[in-house]
Structures are given as structure tokens and as C-alpha cells.
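Included below are C-alpha cells for two forms of one protein chain, each presented in isolation as structure 1 and structure 2.
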Structure 1
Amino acid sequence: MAVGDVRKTIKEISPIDVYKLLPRTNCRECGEPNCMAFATRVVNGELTIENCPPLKKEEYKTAYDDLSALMAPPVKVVTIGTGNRSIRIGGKYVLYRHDFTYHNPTPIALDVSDDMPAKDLADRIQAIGDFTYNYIGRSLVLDAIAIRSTRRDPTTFAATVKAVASRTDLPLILCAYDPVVVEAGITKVNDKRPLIYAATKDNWKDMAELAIRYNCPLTVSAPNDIPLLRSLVQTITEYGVTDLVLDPGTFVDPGLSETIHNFTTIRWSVFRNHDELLGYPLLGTPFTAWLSGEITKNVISWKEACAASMLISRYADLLIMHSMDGWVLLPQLIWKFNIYTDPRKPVSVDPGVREFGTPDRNSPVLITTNYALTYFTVESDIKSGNITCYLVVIDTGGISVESAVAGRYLTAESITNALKEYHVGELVSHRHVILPGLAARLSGETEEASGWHVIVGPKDSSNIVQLLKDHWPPPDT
């Protein structure tokens, strides 16, 4: 394999290819037992070459450069912002998620504009920063703020950028087509590495100058014109700008089908035709739904939500949205979370015993699996019902109850072993355990194997409260 051939996908790179370029000292400074183990994890996307301390030494500079070229993804990684809140976009190795894990989940930026009253601007910034949703144990949040110049006045835009930057540490996107306006904004946040939006066929040189002068990534925009977009990329990269984001245009109504086609065509060109000029992150702007002639806000929001979901599915690496409604944003946050999980590894929680309330020796014992969605659904129902209990989480490899029973991951034996391993019998004075309704067929075997009496619970954990009212404590406790 030729080192630095960006046509290679991660699937074609073997651990041996990486191993040959490592120091091969087996020093264990990376935390792995040897260099081959490290190479395997690098190829699997679990570690990067930066996790190898010796590679950072001057004597291994050539090896580091060769490894960087070897592992470079066909879609370049671009960083927006600085510090802990910076975002990385792009970095895709494959066209389809089932081939290899997608990296760098699509950030969602919310827009503000420089014509907003000061209080409205402050309130919106606060709402963007405070937006959070707990989904199977993960906090889903918004990622950036896009500042749009609607007045096209450098002084007004600069004041707005300064006001936004003073209220948030989120990465910023500066949106204007006038280089003078953009520069007025950049001077207020030149240490924050904002994304510049956007270079076009009319202003590309001035925008490229700004990107170089302030070391900022630059968006290249050519709506619905891929040949022009490609030509602009070639011109701007030859001019000296390396961190680019591509905007092929987002048309919500009409034109959504053409939009999705363009995004797909660009990404296909990278992975099927090995087009390096289009190998940059893609920007989608579903907020353009608000620029249509539609007057009903709910309809506009619905169109924006649909466009955003489709763009996340079809290769958008960054989105700019407008609606703050939960029913618009939550589907996008949950959808990108699920797309960007490792398809080889179910989302799971640690097995063990969880305590809810202040359980004592007479409290009920419930069973569930360590599939994250199952666990957090059960946890939510227990908390909302103010139930005091012990919850035994069985290691089923991150598989849900019904699938775990069918696949023999949740069995009478595994339940019995968990009760023993976690010393549940020492926590309570009774010997009654509540199985999920979807595991009812294991009740007899579990009683025989464990010596515990089984109560078959509901199929839906929201009915646990009623079950305990009707059947707890059992007659013989």
C-alpha cells in the first residue's frame, strides 16, 4: 500500500500497515501491551497515532508524517473554535455507517442575527446554551452559534459578534458575504477560530485572505452548482487555504430532493471517484426553510426538521438551524447520536445493582438488562413512580430483554449468577425477584436454578408501580 494514498479507506488499511511505521519498542506508554495491539486499535478507530508518545519525538518525525498520511480520512477533518468547546467536523473514512464507525457527530448550530434587540439576543444565546436533553444517560446539547449579518453593516455586525462572544464559549460561525463585514466580526473573536461563511465566485479572494490572515476555516459556497464548487475549492486551496467546508446549497421547499442529491453526489465522488477536491466537510443550512414564502410557523419548523434529518442521514457534517422548539431539535440530536454510535458495539451500561430511594431488607428486587435504552427507560419509570427498590442489571452484551432472552444472553443461569455475584441475598431478607414481562418464560427455570421466587412483571416498565401496589409485599414475606 502506498503511504499517503487518500484513496484507501480504513477498511483497506491493516494493522500491519500501521505497525510497520510505529517505533515498535513495545514501550506500553500508550497503555497497550505492545505496538501491534496499538496498531489494531488505531485501525479500528479506537485510538489515534497521537496516543503514541514516542511518535512525537523528533527522531520519529518521518514515521509520524507517513502515518498521518496513511490514516488521513478521505473527508478532511476541520476544527472550529478553540478549547474544550471546539468542534471537529468531517473525518469520514467510509460512505456507509455499517462499513465502519462514523466519527465526529454532526454539530448543530443555532442562528442569531445582528438585527435582534439586545434582550432578545441575550435570551436566545442563553436558551441555546441551556438546551439539554438526557437520552439513555447521555446529555444531548447544541454545539455552536451562527451569527448572521442581515443589516450588512460592519459596525453592527461587530457589536453583535462581541455581544455573543461575551455570553457563550460555544464555537461561532460568522455569516456574511461582504468581506468587510466578516472582518469586522473576526477582529472581535480572532482568538476563537470561527468558521467564515462564505466564499463565493464573487468574493473568494478577499475571503481567502481573511481565512489566511486570521487562521480560520472557510466555507466555500456554490448553491446547486457542484462543478463551480469544485472549481472554487481548487482555486482557494491553490491560494493557500487548507481548512475548507463545502456548502452545496440547501433548498427546503422546493428543491429538497435536489439538495439531498447534491450532498450524496459530492460524497459519492469522494469515495467512489476518489475526488480529492470535494473531500471536505459538508455544511447544511435547514434554516433556509424560514426564508420561504410559507407563513405558518409550525409548517416552516416541520420542513426545517425534515430537511435536517435527511441531511444528517445524507452526509452533512455541520448544520445551521433556526427553530428552538424541542420537537424540532430533539429528533436531530437523537438521530445523530444513534448514527454516530459504533454499529459493532451496542450502547450499554455497566452491570450491577442500582439502588433507588433508600431501600431496606424488605424492598423489592427487579431485574433488567444492560442495554442502555432499556435500562434508562426502566430507571425513568422507577424514579417517576417514586419506587424504592434494588434493580439488578444483567450483562447481556448490551441487548434488550426480548432479544437477550431469544439469543440466550438472558437466562436462568445468568440471572442466578448475577444474584450471587452481586450478593443480592445479603441486601434483602426475602427471596422474591421481579422479572421483566418479556422474560416471563424464564420464570420456572429461574426459580429452580436460583431458589428465589419469581414474580413476572409487566412488559412495559411504566406499569411497575401498579404491579407493586397489587403484589408487594408478597403474602409470605
Structure 2
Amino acid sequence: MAVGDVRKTIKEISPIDVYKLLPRTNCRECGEPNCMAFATRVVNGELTIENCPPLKKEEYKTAYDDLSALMAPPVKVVTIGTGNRSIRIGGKYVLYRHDFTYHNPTPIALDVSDDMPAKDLADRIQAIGDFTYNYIGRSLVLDAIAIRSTRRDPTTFAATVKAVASRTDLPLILCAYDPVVVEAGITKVNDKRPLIYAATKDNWKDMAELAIRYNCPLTVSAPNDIPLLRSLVQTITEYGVTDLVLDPGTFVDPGLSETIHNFTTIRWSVFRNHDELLGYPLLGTPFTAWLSGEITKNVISWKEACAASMLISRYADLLIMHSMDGWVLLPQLIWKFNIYTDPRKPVSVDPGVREFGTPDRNSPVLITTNYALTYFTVESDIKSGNITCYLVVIDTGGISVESAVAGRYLTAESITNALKEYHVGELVSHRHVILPGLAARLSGETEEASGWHVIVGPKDSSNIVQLLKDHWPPPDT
């Protein structure tokens, strides 16, 4: 069976392995000083072999193919959609995030169905496109739209697909079990590479034909049946389809246990048993919460939210959801962003002194840490409160205030050193420094170590305005 040869894992590949296959001309076209530096960055996941222009020349074709094989992730990459909103899913190199950064954050698709009245459909597409959250200076958004055929009628489905495509440039997932219905939809977006959902044991051949004819990725569905999933993958790949997405079934209630175990077993099998048939991106459908016997919308949405977060943590490479409630979606967008960051480097900003407004020698001095989220939160509160001040950003290794105090990254000593290093004493004539409320514990030691008076600030920076109203300027200045 297709249990492949044991090949090097991403952690076993050395820069030398890559270097040996590069042109080794040190041409610098990639922007790196030499081929060895380039190889190192490829192994670290910071660059791909596509970033080496000469490698694409005919004379290096063998080397290019060998490098592609060497660097190919055990979970293949599948692209859905075209253009700048297209999404790449899969491309996983490891089981554990601490072994190597996870690649290709789990896109979240929201569903629409072809039984929706035109106005509802338009409103929902608008809402999906508009849902954004500004987080650490980034805009988190929803990634795709899944169009479901509930009428099971080709004409209706085609009309809905056309209507959706005219209103959004998000990648599409066309969901129907009848190949005729799917094809009617594809013909409306045949240049847009939608994902087809789904090939099953009953329709696999016709779905495979569609995937080949229209060059679309294809989902293979076998709920709670991994042997069938493997059988379908083997058959469909031999049929000639290369870009597959696997749907092992998402059971929200009951059956969450099998869902988590199936997703996890599939990934362990790929990484530990080298099972190539299962080496494709996984689709999770927390949507199925809506088929449960629960009778209230909030309880269903609640369960959908729980399943989604658990699946983002447990190897889902793409999710289809239904609830548009902000309290359901917001945590998913944040969590999928977080878990795909590089675990080796905290999301941080440069330490130093920032000026807000036009501060003078009497302006307040505030302290915060260089964890990006902490910094941007404080920055936005300072700006929205029109506060004029100096903000001293202390290097805590990118850790938030509370954790930095607990882990001793933010200490009386580090505060004292920062005040000196950034010459804060020369910027202002007073000697009052405002500590975050969550670092209140450090106030005594900080006064002793630095010689500055400490004003304990609010635990949340949204209250800085009030604090300054009450305590600034300090009585003795």
C-alpha cells in the first residue's frame, strides 16, 4: 500500500542538503549574500526554492525537481481560487508547532445556500466580506464562501453561484453531491478554481472527471471511515486528480471524540507512519453543529465555536462554518492567526521611547512591554484619548505585562535600565513614571532601584485617560 519510503523530515534536512542542489554560483539574484545563506533560510522556512531565479532555468531542471522533492511537505499544498484572494491550504511539515512553524493558516469559509432569497444572499455575502477585526496592526478577515445546493437543482445552483461570484472575489467552495449540479455551478466560475465538495463512494468517478476537466481541487468525503477515505484517495489519484482535500467528517454533538481522534490519527499516520494517501489538507465542517438536535441558536453557535477552535488546534487546514455571530467568529480568527505564528519569535515591536502628540519636559512617562498586542493596545488607547506623553517600550522578549512580571522579564531592574538607556531623564524634568497596573507589584522595588517615583497605572490601558485626569500632574511638581 502507499506507505512511502522514509524520507528526511524538515528537522533532519540540513542547509548542506539544499546547498548541494543549488547552482552554487553565489549570483545574489535572490538577495542573499551567497548560496549557503539562501540554503539556510530555505531550511528555516523563511524562503522557498522558488526564490532562486536561476533554478528555474532549463539547465537546472533536475536539481529543481530534486529540491522540490526534498522540500515537499508531507501534507501537500492545495490552492483554491485565483488571484490575490486565493488561498493555500495544507503544506504542513510537522505534528507539533514547536518543531517548525505551522504554514498556511486555516482559512474560514462561511456558507450560503441556494434556497436563500436574493436579498438575504446579498446581505450575507456583504457581511462575510465586511467582517474584519483589527488585531496587532493586522486586519483579520474571513477567507472563503461555501455555496451549498439545498434545492438539488442544477439551474438554481448555477444561478446562485453566478450571483455569489458577481458580488465577491473570495474563493468559492461548491457543495453538492450530484455531479450535474456541481458542473452547472462550475461553468459559472470555471476560471476561478473553486474547490469541489464532495467526491464520495457513490459519485467519485463523475466528480473526478469534473476536477480534471475544469482543473479544480476536489474534496474526498468519508465520514468516520478512514479506510474508505484512503480507498477514495488511491482510486481518484490513479484516475488522474492531484489536488485533493480530505473530509473525515466533523461530528459536533455527539461524536466530537471521533472527530478529534480521526483528525489526529490521520496526521500521526502521515508524519509517523509516512502514509502518503492521507498526506492532503483536512477539511473540518463545524457547520454540522446546525444539524444537531439543539433547539436554540445560541447553543448551536456555541457548539460550533467550540468545535472550530478545537479543529484549528487539531490539524484542520480549512473550515466551513455557518454562524455569523461575532462572538463565534472573533475567537476563531484570532486563534488561527496566533497558532500559525513562529513559535521561536514572539510577535513583538522594537523597544525604545515613542512620542505621542508633542510631548515636553512636563509630559507623563508611561511604561509598557514590547509584546505586539500589548503595545498596539496601549498605542490605540493613547491615540484615541489624545494623550500627549512618552511611552517607554521595554524589551520583555515579546511577552505581555502580566506574564513578563510573573516570568521576571519585566523587573525593577529592566525598568531602571530602560530609563537610563533611553535617556528618559533628559526628556523630562520630573521624575514620575507610570507603571502598568498589572506590574503594580514592582512599584516599591522600582522606586528604590531607579530613584523615580512610581504612579501605578490602570490594569487596562483604556483607563489611562482617567488616570491622568486624576493624577497628572503629580501634586509635588
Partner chain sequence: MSEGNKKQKQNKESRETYPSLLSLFSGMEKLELEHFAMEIGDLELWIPTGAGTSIPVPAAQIIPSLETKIKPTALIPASFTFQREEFPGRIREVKLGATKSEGGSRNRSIVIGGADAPPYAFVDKPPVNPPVFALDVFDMEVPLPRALKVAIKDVMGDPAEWARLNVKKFGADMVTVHLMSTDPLIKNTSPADAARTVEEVLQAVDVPIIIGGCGDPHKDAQVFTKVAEVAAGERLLLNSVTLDMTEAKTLEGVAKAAKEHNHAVLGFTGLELNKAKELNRRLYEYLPPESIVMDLTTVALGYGLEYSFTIHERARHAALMGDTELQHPTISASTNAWAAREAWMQMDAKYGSKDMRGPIWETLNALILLLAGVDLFMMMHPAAIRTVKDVVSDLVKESSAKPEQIAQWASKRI
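Quick note, the numbers are simply positions in structure 1, starting from 1. The term rigid core refers to the maximal set of C-alpha atoms that superpose within 1.5 Å between the two forms. No experiment lies behind these values; they were computed from the predicted model shown.
Trainee: So which is it, 1 or 2, that shows the form predicted in complex with the partner chain?
Mentor: Looking at both, the form predicted in complex with the partner chain is number 2.
Trainee: Following rigid core alignment, is the displacement of the residue 41 C-alpha between the two structures equal to or greater than 2 angstroms?
Mentor: Where the cores coincide, residue 41 shows only a C-alpha shift between the two structures that is less than 2 Å.
Trainee: Residue 386: after superposing the rigid core, is there a C-alpha shift of 2 Å or more between the two structures?
Mentor: Yes, residue 386 moves 2 Å or more.
Trainee: Please state whether residue 50 has a C-alpha shift of 2 Å or more between the two structures, with the rigid core used for the fit.
Mentor: Stays below the 2 Å threshold, so no.
Trainee: By how many angstrom does residue 417 shift at its CA between the two structures when the core is held fixed?
Mentor: Once the two forms are fitted on their core, the shift reads 9.0 Å.
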